[in-house]
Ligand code: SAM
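Before any questions on binding or motion, here is one chain by itself as structure tokens, the form predicted on its own.
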């Protein structure tokens, strides 16, 4: 990347137009789900038989996604997280990453993946500027991994983790904590951070599992997770959380890595939320728990211009729920929540 380009990028970031919601929160972060397809069948995300995937014509195209990323980045969205489904099932994934990495108004691109398909792509990820990857790993026991994911891919995920660490990519391990399924993995997962420069992130289980009646009846809360950890490591230190962080971050003295706890169901972090979501079908969500605000793909295909697209986004942010509880109460469909996280973007 040339010096002139770097300077241009810095100038554009300074001059970018801010998106502000009706609660005074600056919105600068978008989670973009490039596909609803996934090669795992994780218990907390979808039923064993999988879900009915959207027909290809209903999904956003490469060009449509690129246009929205480019447009939104000129109006304040300077951080993008690519998710799925499993994003590396999308055949255009690496080409797309290379393309958006050249957008000067983007300051950070990161990825969430299950790690089963990236062991041969780590060098390319590094070369396009991907410095942080969130890796889904809900157990470090191969048998429990299989029971949760319903697939025998544990060794692939561990290989991908080691390759990324070796390449200098910061790995964040995302563990969804599920009572009766992987509580015994909480401490062994943290032990990985003793000698590895990783961030372990414990996430409260959410109801986005593609079925009704599954999920949070026996929720393990963020306080229970921390209590268990502190019984094993009583000298745990609280770290300063970055602005708009969803995680409460901690450090065990002497460990190379650290850990965070995300109160995804308790929703304690909503007051500083700085993000929106774009689903594979083009639906803009201003909260994980809402049922979609408007469809940007449909607008584009109907001939909407950039001014109209940004106007729709600003209107959505001007009527945003104050938190996840209100967003859930305002849902018009799928209530109680029953969609799969793969259709939203993990």
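Keep in mind that what you see is a predicted model, and the values were worked out from it rather than measured. Residue numbers count along the first chain shown, from 1.
A second form of this protein, the form predicted in complex with the ligand, is not displayed here; the remarks below concern that form.
Listed residue that, although the ligand is not shown, lies within 4.5 Å of it in the predicted complex (heavy atoms), from 233, 208, 90, 96: Only one option qualifies, and that one is 208.
Among 105, 110, 182, 136, which has at least one heavy atom within 4.5 Å of the ligand in the predicted complex? Selected residue: 136.
The chain here is shown without the ligand. Which stretch in 97-105, 71-79, 113-121, 247-255 comes within 4.5 angstroms of it in the predicted complex, by heavy atom distance? Careful reading of the contacts points to 113-121.
Can any non-hydrogen atom of residue 203 be found within 4.5 angstroms of the ligand in the predicted complex? Yes, residue 203 lies within 4.5 Å of the ligand in the predicted complex.
In the predicted complex, does residue 45 have a heavy atom within 4.5 Å of the ligand? Residue-level check for residue 45: yes, a contact with the ligand.
Check residue 83 for me: does it contact the ligand in the predicted complex (non-hydrogen atoms, 4.5 angstroms)? It does: once the ligand is placed as it appears in the predicted complex, residue 83 has a heavy atom within 4.5 Å of it.
With the partner left out of view, is residue 174 within 4.5 angstroms of the ligand in the predicted complex by any non-hydrogen atom? Residue 174: contacts the ligand in the predicted complex.
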